[in-house]
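Take a look at this single chain, the form predicted alone, given in C-alpha cells.
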Amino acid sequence: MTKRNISTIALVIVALMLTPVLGCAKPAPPPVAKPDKFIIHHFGDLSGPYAGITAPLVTGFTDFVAWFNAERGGIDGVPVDHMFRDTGGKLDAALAAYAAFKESKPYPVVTLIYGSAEAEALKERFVEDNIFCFSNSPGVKSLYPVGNEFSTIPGYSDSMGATIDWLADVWAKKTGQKVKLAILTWDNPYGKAIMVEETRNYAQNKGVEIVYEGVFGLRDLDVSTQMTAIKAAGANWVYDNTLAHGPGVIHKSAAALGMLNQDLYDTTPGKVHRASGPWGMDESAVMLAGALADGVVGPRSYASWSMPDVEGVALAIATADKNNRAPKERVMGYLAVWGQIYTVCYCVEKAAREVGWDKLDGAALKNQFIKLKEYSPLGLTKYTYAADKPEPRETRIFNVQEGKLLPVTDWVTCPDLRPAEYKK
C-alpha cells in the first residue's frame, strides 16, 4: 500500500470519527426578535409659559418620525414612534409624567426633556432607573457630576464663553473698544445658569469687564429699571439667557430708553448692543421681537431656516411645506429635534447591533453617545461627547440680519467652563 493511499484512509477515518460529534453540536440560538416599534418618550410645556417653544419641538418630532420611517425605514427596519405628555411648565407635572413613562411597556430606553427645573430634579433618577436622557436644558447642575443626562447643545456657560471670545477677539479689535458687558437674564435656574464663577473668570481673562448682573421675572414685560442701571454702569453689551419673548423684553426697554444700538460695530456712547444665549438665537425670539431683533448676536449650534443648502434644513423645509406648517412652527426647535432624533436613532441602531435588541437599555445607548466624535446629523449640528463631558463642544456665532439668522463665524470650539472639580 502506498503512502498516498494510507494518507487518504487516515483522513476518511478522522472524518468518520468527527461526524457524530459535529452532528451532536447544539444548534445556533435563533436571532433575537426585533421590537414592533421603538418608542421615544418626551415631555414638556404645551400649556404654560414655554408653550411657544415646546410646540414646534413636538411638531418637528411628529414630522421627523413620519419622514424617517417612510424614507429611512426606521431603525434597522423597526419603526420609530414617540409618546409626549404636556406638563404645563410645572415641576410636579413633569415628575408625574416621568413616573408614568417608567411604567410603560416596553421599559423606556431614552427620554427627551426641555426644561431646566426637571433636568435638575430628575438627574439622579435617570441614573437609578437606567434611562438615557437627551436634554435641551444643559445647566451645570443637571450635567455634573456626569450621570445619564447628555446635552443637545453646548452648555449655557460654554456657549456664553464662545460669545465672549467673539466679543474680545472680533468686536473689540475691530472697534478698538473695551467690552463692558451687562448680564440681564431670567430669575430661574435656566436664566441664571450663566451666572457662575467660571464665566466671570473667563470674561476677566479675555479682557471683558462684566459691569452689571441682574435678573427679571419670566412674566415681566418691562426692564426699564434694570436698563437704566446698565446705562449708568457704562455697558456697551447686554447678554441674556432667555428665550421666546425674553430677549424682546430687553430690546423693547432698551429702545424705549434710546439705548438700543442695532449697528453692530457702532460705538456711540450710552448705547448698548444685544447678545442672547443659545435659545435666544431662535427664529421664535426673532419673530416675537420683530425689527428690534436686528443686530443681535449669539451662539447657536444648529443651522437656521435661512440656510437651505444644509441637507437637514432642505428636508425640513420640504416636510414643513408638505404638512402646511405655520411660520411660528418653523423655528430652531423644529430643526433641533430633527438633529436630535436622527442622532438617537443612529445610536440606538449601533447599540442594538452591539448588544442585541433584548439588551438595549440606557447604559448601552449612553455608551454609543460617548463614542460620537464630530458627528453631524444631516448637517444640522455637531456632536462630540466624552465620558467626562456630556455636552457638545462646538457652536457658531450668529447675527440677525433683516430678520434672518445667519452665521458670522465658522464652527468654533467653546471654552470648557464646567466647574473645575469636574475637569480631569
Partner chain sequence: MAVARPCGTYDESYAKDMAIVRTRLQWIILVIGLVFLFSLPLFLSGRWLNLLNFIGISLIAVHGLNILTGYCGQISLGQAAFMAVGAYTSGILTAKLGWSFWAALPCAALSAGIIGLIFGLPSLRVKGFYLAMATLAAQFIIPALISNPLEGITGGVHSMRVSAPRIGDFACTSAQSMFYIIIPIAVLMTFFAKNLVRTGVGRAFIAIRDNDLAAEVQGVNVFRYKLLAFFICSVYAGVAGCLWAHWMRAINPDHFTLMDSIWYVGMMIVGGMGSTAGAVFGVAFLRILDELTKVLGMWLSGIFVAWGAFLQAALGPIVYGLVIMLFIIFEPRGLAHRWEIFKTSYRLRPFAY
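Positions refer to the first chain, counted from 1. Just so it is clear, the model here is predicted, and its values are computed rather than measured.
Heads up, the form predicted in complex with its partner chain isn't pictured, but that's what we're talking about next.
- Under a 4.5 angstroms non-hydrogen atom cutoff, its partner chain in the model of the complex has Met83 among its neighbouring residues.
- At the 4.5 Å threshold, heavy atoms of Ala96 reach its partner chain in the model of the complex.
- Mapping the unseen interface onto this chain, Asn188 counts among the residues with a heavy atom inside 4.5 Å of its partner chain in the model of the complex.
- Contact check for Ala193: a non-hydrogen atom falls within 4.5 Å of its partner chain in the model of the complex.
- No residue in the set Asp220, Met287 and Arg330 has a non-hydrogen atom no more than 4.5 Å from its partner chain in the model of the complex.
- The stretch from 256 to 264, 335 to 343, 112 to 120, 168 to 176 that comes within 4.5 Å of its partner chain in the model of the complex, counting heavy atoms only, is 112 to 120.
- Checked against its partner chain in the model of the complex, the candidates Ala100, Ala291, Ile317, Ala233 yield a single residue with a heavy atom inside 4.5 Å, and that residue is Ala100.
- Though its partner chain is absent from this view, in the model of the complex it lies within 4.5 Å of a heavy atom of just one residue from Asn69, Ser47, Thr384, Asn367, which is Ser47.
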